[in-house]
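Presented below, as structure tokens, is a lone chain in the form predicted alone.
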């Protein structure tokens, strides 16, 4: 049961429109309900009569009156009125608004904070993070981790069974390159496996890749442009070195695929080092990414041949010029999905199709969400279509699982180019987080010098990380955004610190109420809401929007909706706090009513921040 007046009024208006116009009501008709721009016109205004009048050839006021005659809102609103050419104005009853807010504040069968639990049997799988073996997490991994975790949290908040999947790139020839290099140096004592670091691995990865590429580009250009045998002979030794390195890498891959003990042990150690650093970064980001949630490409190695054989046998995949493809014309996609190369090798698409099969058929997903860079949009359109064509997305109910690519844009620097270091390197995620926390600590020390060093560090961690996450999540995910520390860490405006400070202000008021006025939580929770001033009413109306916003954010996979809502809520609370004295209220009942409204605001702010994976501190 919803307590949101907007939702209730929308549904009641739709019912009245159907009753008034019957079959003449256009299928696309909407009440066009919105908050009134001026209090003198009430709380809400429905503008549907003008559009309907034009479509039906009737005077808008006549249409409005017909709707009004069938509109049943007496339980929540004063008698609606018609203004101007046909605006329907609605003013909520104060007692009904107070009752709705009280119901929101009372956990029970209808859920907590108005959020009804989803079907407990429904499973949502969220693909997030997506690190690669032997590589540092960099700023490019920020969005996949932060957005993916927020989407998982939003679905969890709605009661779904959520399974996270950290797609770990730990298989294939590039992985064999670095594994072979580390194995070789471990044998000669140049590297000690027990002391292996991610910096060591990244260095070996680059060196191995460079060794395999030696002479490759040059020989290709020499032959392409027929530069002659002399220059080809000059480059032949380098090319042979590159071929030799590539051959060693291929031999390592064969050893790895066959489970050769020593090679597998080294590969396993490289995985451990990579994932330890990944999990440490995710923990700082308050993103729930663990070993249990990690599904490496290596875990699909025994499934790919089976999947491809099945697709070929059933005619879903066909041969084309020696390769195996799935044609997707019936889905409006001209480019076929390539699932096996001429040489018999599999591709990322093969793994992702196998991944959909596992997530739907084995994990029971009714929805699979992929938080992945927008540049992979065509890839996912192809993979989703191929999985549907193969029947791998089919659930036990007979319907296809919802496959959603929650695509996101890039993180840009101040120059509006991909965010890099001055030397042009990718910015390490750990360095980015350290810088944010360092800057936040300086700001916190200036605002509250009374905090101890340990408290200041804890608050700085919460504020710095929260600032980065809010800046990322508050942007429409499909858009690029410019990374700017000063803007992110500001304590004013739509920022993480502003929301966290609003939560701190609530905590401070409640703490003072107990310490200075002896008002305990039981007294506050038992107070009767009194929605008197315009600021109290505005805050109450914002609170009642919370549950629909959480549900809409999850369904659309758009965390920025919740970010925007929390900013509006914090702003409404600031106006309420300025206009309505809480602890210095004119009488005890007003004080307790305002304290309860304050406490509820704190609960919603804290719950919303938790859905985003942002800390809600009690002191700053």
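Everything quoted here is computed from the prediction, not taken from an experiment. We call the rigid core whatever largest set of C-alpha positions still superposes within 1.5 Å between the two forms. Positions refer to the first chain, counted from 1.
A second form of this protein, the form predicted together with the RNA, is not displayed here; the remarks below concern that form.
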query: Looking in the model of the complex, is the RNA within 4.5 Å of a heavy atom from each of 59, 357 and 485?
result: no
- request: Only one of 213, 480, 435, 520 comes within 4.5 Å of the RNA in the model of the complex by heavy atoms, so just point that one out.
  value: 480
message: Can you pick out, from 308, 295, 113, 410, the residue that has a heavy atom within 4.5 Å of the RNA in the model of the complex?
response: 410
query: Quick one: which of 276-284, 370-378, 145-153, 526-534 gets within 4.5 Å of the RNA in the model of the complex, going by heavy atoms?
result: 370-378
message: Just checking whether residue 591 would be counted as a contact of the RNA in the model of the complex - the rule being heavy atoms within 4.5 angstroms.
response: no
query: With a 4.5 Å heavy atom cut-off, would you call residue 587 a contact of the RNA in the model of the complex?
result: no
task: Answer with yes or no whether residue 394 is in contact with the RNA in the model of the complex, where contact means some heavy atom within 4.5 Å.
output: no
query: Closest heavy atom of residue 70 to the RNA in the model of the complex, within 4.5 Å or not?
result: no
field: Partner contacts in the model of the complex for 563-586 (non-hydrogen atom within 4.5 angstroms of the RNA)
entry: 567, 571, 574, 575, 577, 578, 580, 581, 582, 583, 584
Rigid-core frame, C-alpha of residue 30, shift of 2 angstroms or more between this form and the one not shown: yes
message: Quick check on residue 85: with the core superposed, does its CA move 2 angstroms or more between this form and the one not shown?
response: yes
